[in-house]
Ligand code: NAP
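Just the one chain here, the form predicted on its own, laid out as structure tokens.
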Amino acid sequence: MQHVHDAVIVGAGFGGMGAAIQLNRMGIDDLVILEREDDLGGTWHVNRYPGLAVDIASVTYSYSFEPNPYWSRLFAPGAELKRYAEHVADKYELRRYMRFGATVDNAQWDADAAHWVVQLRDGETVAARYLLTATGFLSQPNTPDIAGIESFAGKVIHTAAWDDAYDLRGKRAAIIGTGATAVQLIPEVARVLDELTVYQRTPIWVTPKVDGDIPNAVQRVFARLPITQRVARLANSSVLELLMISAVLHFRQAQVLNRAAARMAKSHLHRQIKDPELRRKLTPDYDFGCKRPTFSNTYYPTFNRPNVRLETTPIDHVEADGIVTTDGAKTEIDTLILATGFNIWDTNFPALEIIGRDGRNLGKWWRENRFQAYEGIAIPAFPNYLSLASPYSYSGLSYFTTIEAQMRHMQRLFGELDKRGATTFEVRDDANAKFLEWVTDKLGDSVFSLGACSTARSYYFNQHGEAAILRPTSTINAFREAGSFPVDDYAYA
């Protein structure tokens, strides 16, 4: 007879590890964490392209209950985030639960047995009472649908599968994409390439980056007096929430902040790019916040280099030795770098097939109706299931804010489950509908609803034209609701 675990967690990144830590706190320790990669860390294991760094201040990018006083920079490089993930896994003894190279194809609710059956690609099945998916928001790389791209005879590298062994020195390369990843990557590779052509479809808002080394003396103070780091975390989070979150999510009430952020970005561009035509090409024609903005002091100056060219004419097709734009011009290259991001709405929500009660297919249901999740974590007709990367779940600027709000939700939910002596939970349809109506109304004040976003081509927007990733509230509200939502919004059995 197959062993039924307490819980299966899909994903060994920070979200999955946070879920495991919370389950352990509640006495649930028969866990399995299934991870398709060969090690833990999620995005910080998969991504290792040159220039990779966190784009949220390091002091905020950690679990609040497990701060890292030893970040080397205000914006820590990716390798430090990977080491931090390893530290968390070791300290909280999470490796014992982890199975690497375990790709999950689907999960199905067995109503008779009242548990989940998880199917792995190798044919093995794993059973558990609870299923938690922590597959991240950016886990399914997007390959652009460009005619002839499969015929390119040179080297193709996606930023989510960087080839460290490939030497870029002396190469003629093209980068497709100018999102947050490209902003980090382009200045680094431009230094070693003979020629670099950057193909931009949509410019990105870029603001100054206040970065630098964190002195050893400050690190020692953080380590000896943790309250100092908590103060720094609170101060940084508060300022960014006021300037960034308010400017985006509360556009109706704070248009002045939105305009100020745009002016700051434009001023940054004007200081660093003197050519008026180049400035025009790099200036977004949509409101600040419609597409995820970023920080950099080196991105714009890179386009002043003699070996770098910005191409804004759309790509028509790719040939074996180059890229042809719609005006017929061809650029010969030997290396094609895809900084084309991730496919969120077609393959990431959810990142695997999930079949709930009465055969409901989650991906199909979301796409035929609306993307929705009660408090960004639970879905009707999916008993004992929590989706940790789901619609309306991302809160604040740091992913750890989202993770810890969800951990708090889990604490209240599983506490009530235990209190009632129940073994299953499922969010009620009416509670889910009420939450969806509430967030939809809140989004009516956002830049996504009131701003000029039609040209942004933003991954925030899904097939239904809804910006359904961000929770349109303050982080204070997210934490308050996670700890006080009506327990009767769930049915228990």
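Treat the numbers as computed from the prediction; the structure is a model and nothing was measured. In this text, residue numbers run from 1 along the sequence as written.
Here the subject shifts to the form predicted in complex with this ligand, a form of this protein not shown in this document.
Are any of the heavy atoms in M410 no more than 4.5 Å from a heavy atom of this ligand in the model of the complex? Flag for M410 set to no.
Close approach of Q184 to this ligand in the model of the complex, 4.5 Å, heavy atom: Looking in the model of the complex, residue contacts with this ligand include Q184, since a heavy atom lies within 4.5 Å.
Quick one: does R428 come within 4.5 Å of this ligand in the model of the complex, counting heavy atoms only? Close contact is absent here: in the model of the complex, R428 is far from this ligand, nothing within 4.5 Å, heavy atoms only.
Though only this chain appears here, would G322 touch this ligand in the model of the complex if you measure heavy atom gaps against 4.5 Å? Result no; G322 lies far from this ligand in the model of the complex.
Since the chain is shown here on its own, which stretch among 288-296, 111-119, 165-173, 251-259 would lie within 4.5 Å of this ligand in the model of the complex, judged by heavy atoms? Among the candidates, contact is made by 288-296.
Within 4.5 Å of this ligand in the model of the complex: all of Y49, D55 and G177, by heavy atom? The answer is yes: all three residues contact the partner (heavy atom, 4.5 Å cut-off).
Of the options G341, P284, P380, P350, which one has a non-hydrogen atom that comes within 4.5 Å of this ligand in the model of the complex? None of the other options qualify; the answer is G341.
Within 4.5 Å of this ligand in the model of the complex, heavy atoms considered, which of R360, R201, R370, R305? Of the listed residues, the single hit is R201.
Residues in 479-493 with any heavy atom within 4.5 Å of this ligand in the model of the complex: None of them.
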